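Let's start with one chain on its own, the form predicted on its own, as structure tokens.
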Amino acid sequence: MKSILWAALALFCLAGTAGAQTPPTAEVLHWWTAGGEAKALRVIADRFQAEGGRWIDNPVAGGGGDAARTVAKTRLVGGKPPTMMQWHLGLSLKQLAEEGLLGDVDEVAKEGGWDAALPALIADNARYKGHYVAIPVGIHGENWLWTNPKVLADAGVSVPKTWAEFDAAAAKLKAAGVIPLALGGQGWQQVIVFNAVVLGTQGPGFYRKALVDLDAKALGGPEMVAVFEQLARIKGFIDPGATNRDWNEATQLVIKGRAAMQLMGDWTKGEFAAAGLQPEKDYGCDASPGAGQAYLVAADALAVPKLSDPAQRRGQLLMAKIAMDPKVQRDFSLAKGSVPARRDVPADGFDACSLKAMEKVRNSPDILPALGSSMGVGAAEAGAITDAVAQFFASSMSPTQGARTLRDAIDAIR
């Protein structure tokens, strides 16, 4: 009998040893497939493997991430979740948590002091009921004004700091035969301009009231009418070729000197870099008019699915430790063009535009969710606002009608 017990114990120990030797495993489902994105993810993957982890790369093509999110949701509901999955912080992440589909990495977050290291907006959106259900890896800013310094100088104008200055500069640029504002006739591009106007003319408090709280009086009131009055003036500074133009084609107009300015997110910097241009020398990067230190952001993150496999669970914890490491966050953002989610990452190596963004992320009291980021409103609400703004750009409706259309669009989905 003793021999049988000892044999059983030996088998148990061998099984335990084999289990302990199973490396932390991470199947990572993501849509970071473009050049800079793939290079950035490689920073995390290389470190994960260097620390003994087993990395299983599962890319799903599609820059917007819709296909990847569909695959991820199907697997979550079907009980076969990936170890980690790229996701945006915000309401859609919290919906997954509400459905009981996400786990957490609280033990790593507590040990790493995430609450203190992250901006409040980012930390709040990475948590659900106090638990970290996602790992923030980088922050992108939306309200940037990109300029061609030579074109501005030739027209005798400076970078506009207010919307009144923008109108005056744009009039001079148009008279000089230059496209004042490069824009594409796509709703998501137009709503970036709209967001910048709301922020720059009415301030951060109104932006939050209208585009986060979705207050009916703010959406249809006199302040919003004033926003559409500014949009109407902007329409006069856009060229007829904007209709079918992609955002990067608009950037090329600025690069080539055919246009003076573009309102677009910080991903635009990649186009200037690819053209061999240097920030604050060959091109300018400034806050959108009237924004001051207010910053509209979206955050890249890795969501933490609920799972039972021990090796994958160890993979999640190791991934949380690695992805929030200051050096990893630095190298990730340098490759991707974002800025680190952590506020304590050294600033060395970042270019002038990124340094401006880091200053805002670390010190601005007005870090606000970009409309399409889902940190402020859901996809349906963001879509309704985008459609209303696109209708205004495509029609001859008055500013009052524009504000009413916006309010009605939100009322229709409440």
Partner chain sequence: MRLHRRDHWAALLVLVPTVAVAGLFLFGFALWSGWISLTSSTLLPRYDFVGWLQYQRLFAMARWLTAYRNLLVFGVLFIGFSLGLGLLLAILLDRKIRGEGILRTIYLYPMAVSFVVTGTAWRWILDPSLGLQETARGLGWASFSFDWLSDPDRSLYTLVIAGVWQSAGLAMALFLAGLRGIDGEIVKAARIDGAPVWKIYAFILIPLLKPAFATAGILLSVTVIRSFDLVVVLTGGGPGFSSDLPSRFMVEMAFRRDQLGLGAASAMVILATFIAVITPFLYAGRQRAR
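Because the structure is predicted, anything quoted here is derived from the model rather than measured. Residue numbers count along the first chain shown, from 1.
Just so you know, the form predicted in complex with the partner chain exists too; it's not on screen, but the next bit is about it.
Proximity of A380 to the partner chain in the model of the complex falls within the 4.5 Å heavy atom cutoff. Contact annotation: S308 falls outside 4.5 Å of the partner chain in the model of the complex, judged by heavy atom distances.
Proximity of D266 to the partner chain in the model of the complex: non-hydrogen atoms within 4.5 Å are absent; the residue sits far from the partner. For the chain shown alone, D215 is not a contact residue for the partner chain in the model of the complex, no non-hydrogen atom being within 4.5 angstroms. Comment: the partner chain is not present in this chain, but in the model of the complex one of D282, E107, E99, D115 has a heavy atom within 4.5 Å of it, namely E99. A single residue from the set S364, Q49, T70, N58 has any heavy atom within 4.5 angstroms of the partner chain in the model of the complex; that residue is T70. The stretch from 328-336, 70-78, 158-166, 308-316 that comes within 4.5 Å of the partner chain in the model of the complex, counting heavy atoms only, is 70-78.
With respect to the partner chain in the model of the complex, the three residues L183, D286 and Q293 uniformly fall beyond 4.5 angstroms at the level of their nearest heavy atom.
Of the residues in 239-257, those that come within 4.5 Å of the partner chain in the model of the complex through at least one heavy atom are, in sequence order, D239, P240, G241, T243, N244, R245, D246, E249.
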